[in-house]
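One chain comes next, on its own, written as structure tokens: the form predicted on its own.
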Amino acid sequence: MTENVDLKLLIGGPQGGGIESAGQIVLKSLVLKGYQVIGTREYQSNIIGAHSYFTIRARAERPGAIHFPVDAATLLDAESIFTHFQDVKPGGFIIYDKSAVNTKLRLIAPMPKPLKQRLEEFFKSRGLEPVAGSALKVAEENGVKLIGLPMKDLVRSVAKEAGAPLSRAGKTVNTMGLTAMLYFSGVEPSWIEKAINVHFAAKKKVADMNVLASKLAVEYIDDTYGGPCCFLPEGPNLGKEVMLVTGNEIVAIGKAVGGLTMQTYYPITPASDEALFLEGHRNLDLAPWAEEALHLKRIGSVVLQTEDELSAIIAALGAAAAGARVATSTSGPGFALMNEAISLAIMAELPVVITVWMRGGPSTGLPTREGQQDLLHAMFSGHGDNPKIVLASGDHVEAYYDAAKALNWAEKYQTPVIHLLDKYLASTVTNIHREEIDPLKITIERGKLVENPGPDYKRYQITEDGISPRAPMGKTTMVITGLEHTEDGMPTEDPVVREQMMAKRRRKFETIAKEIPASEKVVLHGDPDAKVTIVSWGSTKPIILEALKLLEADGVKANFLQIRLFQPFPVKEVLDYLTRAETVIDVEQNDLLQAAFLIRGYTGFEIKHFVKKLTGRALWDKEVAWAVKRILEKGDREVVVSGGA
């Protein structure tokens, strides 16, 4: 029965060894077979050589989180064996390269020294030689089946049959490994071949060689191990039209559908992939219904790479002043460079979306790892009194609609909108159904945009709602300045005008708080009468939703309060929900517990229990469930969870 399928897989190998492609092919195989998937890649911040791995989960309904231990792992080198030999559950299996078993731990140069030391102590305590074969032996003693592949021999066979040099055939090692893992997991070779052809659709020779490698791997498994005992049933989504997409890509798509006309950026992990995707799809042909609705045959946007992040936001502000619908994207270090310009945007009332893909800090920190550490930075970015909108997305579908919504809010309220996302969302892949991201649900709102201003036009006209009419540059004479100014934009230090303009900007913020509906600010998931409330934000959403199911299975009823809008802060809504619960537990991936800090500051509510993860690795559903139960049973104030390699 498909409802019983919950397949958890891992593929690891050297960075630059095709781990990303391998993970994508595994995901495509399972999607083609009709399953919903989630997959995420962990990788080092160097270019090549060090350990990288891709974790996949598949089932009939969309998984909300990756899950350990896994059912099967393909470990393509000795470092992967040492890193993950304890991550496979009893009854599962490990696919490995036979030539790696004698590799000594001390000879693995890229492996972090602290991990080496921990492993050396582990093997010493077991009386084992620190070689990859010892790690495999421990896994086997724990009930894990070992499947060794003679990768060098198989590569020679691929080269011979394909008439290709060994160096080119050697690039199919990842395909042979993933094929063995999927085949033993119950996926027929036909689905794997289809996925290979889809993945390499633009490179027929590469596809053909990888299909050949896959077939040779299957033949070896059948001859040596007898093949799998049975195959997975076809999933419930077989034949349905779905999109397999990362967080970076879905945000780019949301911006395009939301009418983006210009995006600026300076390359930085993990933000760059969003801008690169936009750049690769900057001219989009429209479906017939869209042509009719928009009176256009195609839509396009300008994607501009600048010399640094300050230039990126300044270029965006210039385009906004000219009437463009603009965004810029960055991560924490780049966001820090934008602070002065954020203040300029607030004072000059220029609409811009700043997409911030958070990662581990401070400073350069963990460039390719997870962290929710820029919430307070987003709230208080810019100097002086600096009201702006701060929005956090929890999953791919939310991120799609939020990307378009942020563009609307920026123009409607003539203010910066900071859209908070993170590395986990950026690199996590999932399949989304067409009906989940309906472009017809997205409207384009440009607010008080005046195409033909009259002679009495005042750019900063004082209004009851705090929002002035906005005309693009070139339509009329105007002054745009970072200095305090009169209604027509002329710099002034007059105390009365200063007070009037401060009050105008405050009224604008009050208008924003009043007009954004409560459903866009906070969402309560689960039983509203539950005595335990978990509060969190951002990409922890699907993980906590999975944890609620685990808790319910253990007899614990809890709900989840997801904060979506942090500025203006939803004081009433948050306080209403939190005061209903007997126990409130804050879950975050930062050390300062930044959301809890804001809740206390805005509402006075003191959260007494916390769960946090600081490793830079993805949060797991079972970690959240375990930590919540520990708090309920032992009364711990703070529980730190640490899973992940």
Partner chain sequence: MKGRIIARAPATGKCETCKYWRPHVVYDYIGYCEKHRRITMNDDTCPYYEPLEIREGEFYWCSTCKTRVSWEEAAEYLKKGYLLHRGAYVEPDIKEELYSVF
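All values reported here derive from a predicted model rather than from experimental measurement. Positions refer to the first chain, counted from 1.
There is another form of the same protein, the form predicted in complex with the partner chain; it is not shown, and what comes next is about it.
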Only hit among Q36, T603, Q44, Q594 for heavy atom within 4.5 Å of the partner chain in the model of the complex is Q44
I need to confirm a contact call. Of E573, D273, E487, D71, which residue comes within 4.5 Å of the partner chain in the model of the complex, counting heavy atoms only? D273
Within 4.5 Å, heavy atoms only, one stretch in 130-138, 83-91, 284-292, 150-158 touches the partner chain in the model of the complex. Which? 150-158
K203, heavy atom within 4.5 angstroms of the partner chain in the model of the complex: yes
Check I48 for me: does it contact the partner chain in the model of the complex (non-hydrogen atoms, 4.5 angstroms)? yes
Would you classify M338 as touching the partner chain in the model of the complex, given a 4.5 Å non-hydrogen atom cut-off? no
I'd like to know if S519 sits close to the partner chain in the model of the complex, meaning any non-hydrogen atom pair within 4.5 angstroms. no
Near the partner chain in the model of the complex, with a heavy atom at 4.5 Å or closer, the residues from 155-173 are V155, R156, L166, S167, G170, K171, V173
